[in-house]
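One chain comes next, on its own, written as structure tokens: the form predicted on its own.
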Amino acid sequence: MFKTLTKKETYIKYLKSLKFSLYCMTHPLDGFWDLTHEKRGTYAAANTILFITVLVRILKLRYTSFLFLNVYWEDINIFLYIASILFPLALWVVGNWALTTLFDGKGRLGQVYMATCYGMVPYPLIQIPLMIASNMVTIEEGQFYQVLDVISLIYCAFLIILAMGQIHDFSLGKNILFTIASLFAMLVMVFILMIFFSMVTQGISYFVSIGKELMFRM
């Protein structure tokens, strides 16, 4: 009986934390402060929002009218496409957390991830009806589609920036500065990863060539 009640309470908390994402979208300053400081957010809800966002990105390729989005499926690797979404997210979370930790940022790594995911809520909410509407409008009315498409991205970016300021307890100027620094850190990490994988590839090629040479001489 106690175990069943615990599961029910966990499920209710999950639904409340998922619903709270709508409050964060409309009241970002109070919402993102309560998200972490009052522990009103959960990783389960954050993962759900991220999953829905990625799913909507994939569905957008399939169901958006060809008038606004031409997709050649034979050229798309769905796993690489998903990675192209998750990899920048991971870079942002790690880069922002690493930099802010050095300058008295109060947010933990998990909180940066959670707040970033909660900041993505406007994307699926705008893109799903936009995807449906794209099949009902003409090319002349396409400007509304383009505007709303851009708004969904700007809205998400705006929420994520505000979220970082709230969880790290930064002023507006300091938050903007560290947002720019975090983007730069992402580029640095990409550069380091490229060098690392290049060195690994060259090392593997070197040992493979040695192995082939030994086999040839034997």
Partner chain sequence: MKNKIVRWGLMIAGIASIFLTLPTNTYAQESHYSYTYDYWGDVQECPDVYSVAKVFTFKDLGLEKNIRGAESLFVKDNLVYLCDTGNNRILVLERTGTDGFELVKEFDSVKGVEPANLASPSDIAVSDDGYMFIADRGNQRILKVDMDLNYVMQFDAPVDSTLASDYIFQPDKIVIDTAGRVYCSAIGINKGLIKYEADGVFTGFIGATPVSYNFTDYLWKKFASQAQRARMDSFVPTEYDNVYMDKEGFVYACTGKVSEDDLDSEKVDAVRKINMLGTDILVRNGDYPIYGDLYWGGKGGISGPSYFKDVTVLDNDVYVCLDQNRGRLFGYDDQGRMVFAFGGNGNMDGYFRKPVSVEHMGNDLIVLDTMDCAITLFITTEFGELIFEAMDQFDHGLYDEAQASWEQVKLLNGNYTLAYIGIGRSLLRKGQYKEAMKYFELKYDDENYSKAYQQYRKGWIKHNIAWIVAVIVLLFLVPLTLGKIKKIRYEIDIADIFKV
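Values in this document were obtained by computation on a predicted structure and should not be read as measured data. Residue numbers count along the first chain shown, from 1.
What follows is about the form predicted together with the partner chain, which we do not show.
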Discussion item. Within 4.5 Å, heavy atoms only, which of 191, 66, 158, 43 is in contact with the partner chain in the model of the complex?
Written reply: 66
Practice prompt. Note which of 146, 84, 77, 135 lies within 4.5 Å of the partner chain in the model of the complex, where distance is taken over heavy atoms; exactly one does.
Written response: 135
Fill in: Interface stretch in the model of the complex with the partner chain - options 103-111, 122-130, 69-77, 87-95, non-hydrogen atom within 4.5 Å
69-77
